[in-house]
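Quick setup: one chain, the form predicted on its own, written in structure tokens, and binding and motion questions come after.
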Amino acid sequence: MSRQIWINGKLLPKEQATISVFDRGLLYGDGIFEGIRSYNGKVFRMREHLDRLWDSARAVALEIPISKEEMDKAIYETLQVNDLPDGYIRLIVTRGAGTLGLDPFSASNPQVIIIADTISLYPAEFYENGLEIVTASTIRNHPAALNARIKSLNYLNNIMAKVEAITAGAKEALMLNHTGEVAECTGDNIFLVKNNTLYTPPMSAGILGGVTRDAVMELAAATGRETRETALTRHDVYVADECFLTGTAAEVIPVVKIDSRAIGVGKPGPVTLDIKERFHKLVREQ
């Protein structure tokens, strides 16, 4: 069955789901997006994801032409027509088609697109055995240039770091910020475990505030574990007892090696495995 794509209120077969070649999302990456998961027919933390999408829109002076309530309804409609109780939803809002040139006000027809499909970011064996990652030479965008809290369609910064990871034989890359501190990976937030305490970079490090990241910190607190949002360096990663990544698509995945150095004992640790299990239970319950 061909996937149905929601575009501006209409569901279309993916072969017919098109936008103009003059769309500013294509020409300049002028737009925003959000990735969401559904489990057992329920969208996980819809409100948080839509709030983040609307925040991104406000930050780039983009008016989303429908309400959050209408977006909520459209997401469920798209999931249902595609028969995806367990799915991945990609929301995209572009500024629309305009004339050639940078002037964003040449466009007046924002495009709202909802794609519902399945996703497998990493092979299953990496969730069992852990990832090996590398540190990218490509740094995270300076927050004064393009703040990482904006999920814009211009992901070239992350993609170039991903190229480094793949060419180095790894699945993921750690990105540092402009001061040399740990920021995040190309598509995931990072957590370290040291002496049963979780550590993760603060928002001020130039990271995207992840919905899964927030859920993991809540799960840690519920088990009596402290999470410290603090500046981290590669040294902290190298000497950590455990490391794991979080993200909507990735969920919770262990990291066992970085830059050819084993993290801890070189296999997924007990805190990581406990958090991963608790997260899987949480998404099924919610």
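All of these numbers come straight from a predicted model, not from anything done at the bench. So that there is no doubt, residue numbering starts at 1 and follows the sequence shown.
Another form exists, predicted together with a small molecule; not displayed. Remarks below refer to it.
Although the partner is absent from this view, N189 contacts the small molecule in the predicted complex, with a non-hydrogen atom inside 4.5 angstroms. Within 4.5 Å of any heavy atom of the small molecule in the predicted complex lies no heavy atom of K162. Among residues of the shown chain, V211 is one whose heavy atoms approach the small molecule to within 4.5 Å in the predicted complex. By the criterion of a heavy atom within 4.5 Å, R140 is counted among the residues contacting the small molecule in the predicted complex. The listed set R225, K257, K42, R52 contains one residue whose heavy atoms approach the small molecule in the predicted complex to within 4.5 Å, identified as R52.
Heavy atoms within 4.5 Å of the small molecule in the predicted complex are found in exactly one of 76 to 84, 193 to 201, 153 to 161, 107 to 115, that being 153 to 161.
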